[in-house]
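Listed next as structure tokens is one chain, alone, in the form predicted alone.
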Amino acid sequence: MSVSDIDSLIQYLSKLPGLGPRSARRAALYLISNREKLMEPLGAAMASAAENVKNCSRCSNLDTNDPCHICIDPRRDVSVICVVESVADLWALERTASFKGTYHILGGILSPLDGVGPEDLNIRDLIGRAAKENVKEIILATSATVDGKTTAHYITDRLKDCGVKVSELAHGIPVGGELDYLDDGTLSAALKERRST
């Protein structure tokens, strides 16, 4: 491996969340020192994921299958959809093992300051699912930020004519909090204590 290859590895590692230049250098050294046990299998796993992982055409989850394993699981209650901002939020809720319905990933939240409008999010497909599928309840699990609440309000307005119950996460989600950073107990309590909007 040439010096430029090492520099390139460090530069790519430093772009990962939580890794600055110093941490990236340490990670690169560790990977190179454990080339056969870690670096080569990691490279193969990354290449495989890059080739095979795709978004579910129904809920936008990441999986190697389309529809994803959650959407096709017969034990899931397809009449309840939990709306989240990102795959990270879906994973956070799945860690709790409290939710047995299906999901819908928006791909972000409304943010006029950042130029993100309704057309930039996966809202139209959600409305379509609510209208066409036998959906009884939609749980809005957006972040407790101003933009998250604005997104939830916008979706609630769009769902008024669909005849579905709309609820949102309740106790335990702090204002300004993001789902991916909350502990499992807080998320479980929030799911159980959800309320209608």
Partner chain sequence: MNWFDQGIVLSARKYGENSLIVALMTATHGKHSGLVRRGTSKRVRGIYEPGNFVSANWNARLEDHLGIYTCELVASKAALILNDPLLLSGLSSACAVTECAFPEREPHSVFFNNFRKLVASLDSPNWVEHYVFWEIRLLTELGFGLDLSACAATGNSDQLVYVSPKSGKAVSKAVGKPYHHKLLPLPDFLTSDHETADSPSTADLAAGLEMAEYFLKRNIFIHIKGGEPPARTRFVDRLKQLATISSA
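Numbering follows the first chain given and starts at 1. None of these values were measured; they are calculated from a predicted model. Only the largest set of C-alpha atoms that superpose within 1.5 Å between the two forms is called the rigid core.
There is another form of this protein, the form predicted together with the partner chain, and it is not shown here; the text below is about that form.
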ask   = Is every one of S23, R26 and A44 in contact with the partner chain in the predicted complex, taking contact as a heavy atom within 4.5 Å?
value = no
request  = Examine G176 and determine whether its closest non-hydrogen atom to the partner chain in the predicted complex is within 4.5 angstroms.
outcome  = no
key: Contact test in the predicted complex: A144 vs the partner chain, heavy atoms, 4.5 Å   = yes
query = At the 4.5 Å heavy atom threshold, is R58 in contact with the partner chain in the predicted complex?
reply = no
message = Would you classify D161 as touching the partner chain in the predicted complex, given a 4.5 Å non-hydrogen atom cut-off?
response = no
request  = Could you tell me which stretch in 107 to 115, 69 to 77, 121 to 129, 84 to 92 has residues with non-hydrogen atoms within 4.5 Å of the partner chain in the predicted complex?
outcome  = 107 to 115
request  = May I ask you to list the residues of 143 to 161 that have any heavy atom within 4.5 angstroms of the partner chain in the predicted complex, in sequence order?
outcome  = A144, T145, V146, K149, T150, H153, Y154, D157
ask   = C-alpha of A189: shift of 2 angstroms or more between the shown form and the other one, rigid core aligned?
value = yes
Direction of Cα pair change R76-D183 in the predicted complex, magnitude 3 angstroms or more = farther
request  = Regarding A189 and D73, go with closer or farther for their CA spacing in the predicted complex versus this form, the difference being 3 Å or more.
outcome  = farther
